[in-house]
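What follows is one chain in structure tokens, specifically the form predicted on its own.
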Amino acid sequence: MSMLSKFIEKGIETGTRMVPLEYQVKGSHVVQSVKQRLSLHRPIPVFVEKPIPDVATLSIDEIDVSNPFLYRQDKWESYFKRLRDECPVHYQKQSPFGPFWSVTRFEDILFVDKNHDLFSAEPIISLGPQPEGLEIETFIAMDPPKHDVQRAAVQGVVAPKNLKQMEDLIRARTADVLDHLPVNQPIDWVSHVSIELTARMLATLFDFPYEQRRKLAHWSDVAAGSPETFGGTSDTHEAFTTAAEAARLMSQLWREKAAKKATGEELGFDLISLLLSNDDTKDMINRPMEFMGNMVLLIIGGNDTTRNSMSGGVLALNQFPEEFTKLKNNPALIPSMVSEIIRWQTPLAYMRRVAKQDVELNGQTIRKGDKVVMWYASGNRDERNIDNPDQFIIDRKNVRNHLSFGFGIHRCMGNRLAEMQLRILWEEILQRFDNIEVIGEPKRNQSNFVRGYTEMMVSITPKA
């Protein structure tokens, strides 16, 4: 690197330390607005919903499982079954997100996920690029050794000792939410229960102001809703204004905890305190996109998996009422059912990798630099590894044999916390309610990444 390049890099680094992160985001927003007016920005795909055709009417080359309406219209299962049966490693050369390989069988997904020496998580784990001007860095999209260092810094928040200490608080908050639910009348389970409970948990994990907890869920929705990244509905203005608010409040929280640390005050075991207490991450605030990236990653990770599994479990027990009867007759099946909910729902549909070298996989040659998408949602319905995979069976054998948390070095850090939250929720539900009836078809979100719900109307029948 030349002396001039080093000088410029140093100047940028110093500037980012001096300018509050909120204003850096706002400045980036201004730049992108000018670029849009001058037509200098990267084109953003526009998704117009159309009925999803029967997969049997398409040729293999026409199948594009990146279409976000495939999931919104709940038509994804037949598409992936055809790929698993006819072309398990499938190349789509002209999607709105660029060309990519789809890996759809259980064992092939395991191979990709476990071999990080062949398949890189960098620079992102999504099908499409991040919004221009908001290119954040996250440890889930890093390879070793940097990934290992940053993950280790926050792993402690979900250590067994901390989970045990959190259990009573989670149970108390769950009971409080359930005790205040209207019964024998239509209510939205997504808003009343799933969002509320995950927002409360996120506030606990970040030691975030409790009265502002719903902001965390909203930030997660916007961050995971960009059209160019996931085929979502968030617009550019919303993305930047939300990012600026998140930058301001999370930076403020970091500064407050850093000030306490400077006075010798002992920090807690929330995520920001853990990052501040680690020598490798204690100055992360000075690397703005890395700081914001990991805040967003931890918020989305704490939100989407648990939240949509809370709703998905209710839907599954309505679609398979015999399993609800089985559960009520034997509540000891709750832990097993929790794993089955997470498999059946698969709240995050995929993770993306990039081939580091030419790789042969199931008869196909994946070239160095190609995007490779591991479709967890498909692998969790692979008949070759899971018996009757489209059925929801709460006492299924080998029930933990699913892909929803990933495998290898990027396996979901908070899997035990998610399972504990769901277990407690259903323990408390069975104590109070005889039935939760889903009224009508739930509304699903527009995304090829988050398999979630925006509304699910239910009627709750209390125990006699």
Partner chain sequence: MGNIRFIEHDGTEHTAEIEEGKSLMQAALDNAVPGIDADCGGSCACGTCHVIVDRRWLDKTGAISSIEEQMLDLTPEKEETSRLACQITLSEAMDGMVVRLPEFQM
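Numbering follows the first chain given and starts at 1. Given the structure is predicted, the values throughout are model-derived calculations rather than measurements.
The protein also exists as the form predicted in complex with its partner chain; that form is not presented, and the subsequent description refers to it.
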> For the chain seen here without its partner, which of 126-134, 110-118, 310-318, 271-279 has a heavy atom within 4.5 Å of its partner chain in the predicted bound form?
Replying inline: 110-118
>> At 4.5 Å by heavy atoms, is each residue in R151, K164 and R400 next to its partner chain in the predicted bound form?
In response: yes
>> Only one of V158, V359, I170, L249 gets a heavy atom within 4.5 Å of its partner chain in the predicted bound form. Which one?
In response: V158
> Which one, I436, M413, M420, V55, lies within 4.5 Å of its partner chain in the predicted bound form by heavy atoms?
Replying inline: M413
>> Please tell me whether any heavy atom belonging to G98 falls inside 4.5 Å of a heavy atom of its partner chain, as the geometry stands in the predicted bound form.
In response: no
> Might P186 be said to contact its partner chain in the predicted bound form, defining contact as any heavy atom within 4.5 Å?
Replying inline: no
> For I409, is any heavy atom within 4.5 Å of its partner chain in the predicted bound form, or not?
Replying inline: yes
>> Against its partner chain in the predicted bound form, would P144 count as a contact residue? Criterion: heavy atoms within 4.5 Å.
In response: yes
